[in-house]
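Here you get one chain, nothing else, as structure tokens; it is the form predicted on its own.
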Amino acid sequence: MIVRMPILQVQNLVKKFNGTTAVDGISFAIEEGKITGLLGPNGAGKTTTILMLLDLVTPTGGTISIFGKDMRHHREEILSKVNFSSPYVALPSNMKVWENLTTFARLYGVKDVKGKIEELVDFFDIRAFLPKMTATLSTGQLTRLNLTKALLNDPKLLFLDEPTASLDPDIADRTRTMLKRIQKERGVTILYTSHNMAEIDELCERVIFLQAGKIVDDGTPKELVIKYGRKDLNEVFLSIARNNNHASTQN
């Protein structure tokens, strides 16, 4: 059995906003090369956790280690090998699409900026609106642009916050196929949030459930379906979100 070292470790992570605890002392580790789902209902603390992992929100307490290094002391080095995509984070709207991609590629230190952009724009079918102003794009087009941006620096660790939420079924399927391919071929580690449990079941080797800022369960999709005595991961999600008892306490 091959033991993969954790690429990300979180210990007792806490975030409070004006006295309200959004993330309440969570601890977990993610192995290199895996796709892990971070799940929970709205307000569970998923996005806040990811923003802390990206050092965009300062934790109230706890520690974050990525690539075996403390985020507080190795921020620039860590973030050069990380990227993020979310349909809820806006890129500069007063720039053309190609300008946004070129700017971010240069910020990430991409050597062949034009070549990397050419590699990605056809896959996400965004070539037709490269000359358009970003402000004019639809929600689905913006999502595809964000995904393109997220892969510009060939990240070793990728945070994806509901990346297919606004995509049509064809592009969403192509995106899932692409994510599985880059995981297999490049060993990219992905932390993935979604409310689409069929998608999570397809992509994720492991899922971590958050509820009210706490980790309430952790395991493979199959393990959790068996544990809760449900027919699929969607029913497990509903059970946890509604605070139902575990199957082990019901039987």
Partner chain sequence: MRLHRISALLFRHLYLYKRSVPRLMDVFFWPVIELLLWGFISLYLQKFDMGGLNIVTVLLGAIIFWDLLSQSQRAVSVAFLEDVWERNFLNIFVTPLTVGEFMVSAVLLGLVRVALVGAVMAVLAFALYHLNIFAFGFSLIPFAANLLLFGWAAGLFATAIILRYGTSAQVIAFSLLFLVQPLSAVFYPASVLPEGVRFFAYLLPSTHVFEGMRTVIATGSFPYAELGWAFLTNAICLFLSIRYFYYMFARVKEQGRLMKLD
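For the two forms, the rigid core is made up of the largest set of C-alpha atoms that agree within 1.5 Å on superposition. Positions refer to the first chain, counted from 1. Since this is a predicted model, take the numbers as computed values, not measurements.
The same protein has a further form, the form predicted together with its partner chain, not shown here; the description that follows concerns it.
J.: Within 4.5 angstroms, counting heavy atoms, which one of the listed stretches 70-78, 137-145, 122-130, 176-184 is next to its partner chain in the predicted bound form?
T.: One stretch meets the cut-off, namely 70-78.
J.: Can you pick out, from 42, 27, 220, 58, the residue that has a heavy atom within 4.5 Å of its partner chain in the predicted bound form?
T.: Of the candidates 42, 27, 220, 58, 58 is the one lying within 4.5 Å of its partner chain in the predicted bound form.
J.: Identify whether its partner chain in the predicted bound form is within 4.5 Å of every residue in the set 51, 102 and 149, based on non-hydrogen atoms.
T.: Looking in the predicted bound form, the three residues 51, 102 and 149 all sit within 4.5 Å of its partner chain (heavy atoms).
J.: Determine whether any heavy atom of residue 156 comes within 4.5 Å of a heavy atom of its partner chain in the predicted bound form, and answer yes or no.
T.: Answer no; every heavy atom of residue 156 is more than 4.5 Å from its partner chain in the predicted bound form.
J.: If we define contact as a non-hydrogen atom of the residue within 4.5 angstroms of the partner, is residue 96 a contact of its partner chain in the predicted bound form?
T.: Contact with its partner chain, yes.
J.: Looking in the predicted bound form, any heavy atom of residue 169 within 4.5 Å of its partner chain?
T.: No.
J.: Can you work out whether residue 89 and its partner chain are in contact in the predicted bound form, taking contact to mean some heavy atom pair no more than 4.5 Å apart?
T.: Residue 89: contacts its partner chain in the predicted bound form.
J.: If you apply a 4.5 angstroms heavy atom cut-off, which residues in 9-44 are near its partner chain in the predicted bound form?
T.: Those in contact are 15, 17.
J.: Superposing on the rigid core, does the Cα of residue 86 end up 2 Å or more away between this form and the one not shown?
T.: Superposed on the core, residue 86 moves its C-alpha less than 2 Å between this form and the one not shown.
J.: For residue 135, does the CA position differ by 2 Å or more between this form and the one not shown when the superposition is done on the rigid core?
T.: Yes, because once the rigid core is superposed, the C-alpha of residue 135 moves 2 Å or more between this form and the one not shown.
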